[in-house]
Ligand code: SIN
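In the form predicted alone, a lone chain appears below as structure tokens.
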């Protein structure tokens, strides 16, 4: 993965605390290979919300813990409930790219301990939500986009606040934190042509610090 954490694109400040690095993933193929390895060890699954609804997005995790959702609520667990085994590790070069991206966006010293991996089929979406299951909101969130293009929805501290609609494409990196860390965000229903490398899917890797 030589050169993976060299950022070819310059950070673009969208709003206070939110930065996009266009085509920031220097070697998307290497990241996709890691996604395949992770999914082989901890298979894709659809989760249930505490209210009993089935999410349209398929998920898995890597890192010291993994994010899960079921009737008991949203939380991080150290063991994959599907396999009964620890979650797959995160590759060091990908973590280095996360560190580099966070630093370029103004958040030096970020050390993720979890990677949520989401797979969107055509028609899948992620409703507006806040990421509140982490112990310390001073850490940013770093998000990689691969495959089909999608529209990233980024609002405010209230669900009813105005929402920016930001196109994301294969290789883009999004970083947000600081005053924007708890802003509502989501992904509009994924539609459009299949990606030449990934097919009819959008893959999203979201890196966080679950524990302080």
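Computed from a predicted structure; not experimentally measured. Positions refer to the first chain, counted from 1.
Below: the form predicted together with ligand SIN, not depicted.
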With ligand SIN left out of view, which of 187, 47, 32, 64 would have a heavy atom within 4.5 Å of it in the predicted bound form? 187
Would you point out which of 104 to 112, 122 to 130, 77 to 85, 90 to 98 contains residues with a non-hydrogen atom within 4.5 Å of ligand SIN in the predicted bound form? 122 to 130
Using a 4.5 angstroms cut-off on non-hydrogen atoms, would residue 42 count as touching ligand SIN in the predicted bound form? no
Contact of residue 60 with ligand SIN in the predicted bound form (heavy atom, 4.5 Å): no
In the predicted bound form: members of 188 to 208 within 4.5 Å of ligand SIN, any heavy atom: 202, 204, 206, 208
